[in-house]
Ligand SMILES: NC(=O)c1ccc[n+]([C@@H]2O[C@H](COP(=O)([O-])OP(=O)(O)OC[C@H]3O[C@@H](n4cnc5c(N)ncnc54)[C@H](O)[C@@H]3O)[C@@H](O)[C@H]2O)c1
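We begin with a single chain expressed as structure tokens, specifically the form predicted on its own.
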Amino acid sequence: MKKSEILFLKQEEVIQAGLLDMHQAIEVAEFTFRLLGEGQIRQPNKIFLGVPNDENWESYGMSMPAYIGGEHPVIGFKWAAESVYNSTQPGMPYGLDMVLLSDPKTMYPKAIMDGTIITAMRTSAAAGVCAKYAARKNSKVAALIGAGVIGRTMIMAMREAVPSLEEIRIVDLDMAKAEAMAAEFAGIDNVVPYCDTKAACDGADLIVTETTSRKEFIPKDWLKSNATLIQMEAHSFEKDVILSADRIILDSWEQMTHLPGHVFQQMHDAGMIDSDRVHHIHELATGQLAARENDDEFIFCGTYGMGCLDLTIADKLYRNAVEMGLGTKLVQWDNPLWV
């Protein structure tokens, strides 16, 4: 009888297994989008449960299941959770995520690991894939809006994906946060702190938003006519900005129009946009679509996170951890009852 061993990896061990390697994360993310385009991934929409309700949540839990085919098949899900309360408490992460991986043949769970930093890395890695294909090749200035956890990994991702960048502006309403994050990268890159979003967007070739905003706040007249925009949350760029784009590229139209309150759900329900206007990131990864036809185009990319990315990155880290002898082995049972 096959034993029910599960490898548990705490956050420090996931990091030791290579989590903070952004080059690896972008490679895995791009490969995942390619598998998605080839039909080797099955992924239902996220299940979102807000407390006390979905519209005015103070905390939420979200299940993100997926099946990944290919050379290393795996099935599982990420449990993604956030708490506004946590952000008011010192030393408590705003987001708390876990990843469970199972063998798709037996369905035995093979790994459980902290997914909090996996989320941060895969979020920015997805943006990195967008930037790799959609940013103009001579892009010099990037504005990254939001100096939270994702702001840090977004600096890492944009450095990797757009090597032509000469200045990265990190923006936060709290200037001290922006300054602290810029200081982390001092001596590595020209990372400049801002607290004025409009000023940061002025002349920027690439703008990436990674905030917790629940309403749109960036108008069209702040933006270069040929900028590349990457929106990582439900709300940042005003609706007319999105509608005026020469090309709209998303991770999942179906998911965005399914999630309550998302800007694309609002626009779809109002009859402002339909799927005919939208392309997908997996079309870039498979070579079916060129993100840009010329340097004059105004390009909008949007991602809201997909469980398949969490699972492929987590599975890569699991395999690394096994080779390195990391983690704690758990047993689901000694002898299963009522088989």
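All residue numbers are counted from 1 along the displayed sequence. As the structure is a prediction and not an experimental result, all values here were calculated from the model.
Just so it is clear, the following notes concern the form predicted in complex with this ligand, a form of the same protein that is not shown.
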Notebook entry, point to check: Going by heavy atoms within 4.5 Å, which of 263-271, 158-166, 182-190, 143-151 lines up against this ligand in the model of the complex?
Noted result: 143-151
Note to self: By the heavy atom within 4.5 Å rule, which residue out of Asn86, Asn226, Thr212, Ser244 makes contact with this ligand in the model of the complex?
What the structure shows: Thr212
Note to self: Considering non-hydrogen atoms and a 4.5 Å limit, does this ligand approach Lys177 in the model of the complex?
What the structure shows: yes
Note to self: With a cut-off of 4.5 Å between heavy atoms, is Thr197 one of the residues that contacts this ligand in the model of the complex?
What the structure shows: yes
Checklist line | Partner contact for Met232 in the model of the complex: this ligand, 4.5 angstroms, heavy atom | finding: yes
Item checked: Exercise: Met98 in contact with this ligand in the model of the complex, heavy atom 4.5 Å -> no
Notebook entry, point to check: Counting only heavy atoms, which residues in 119-140 are within 4.5 Å of this ligand in the model of the complex?
Noted result: Thr119, Arg122, Thr123
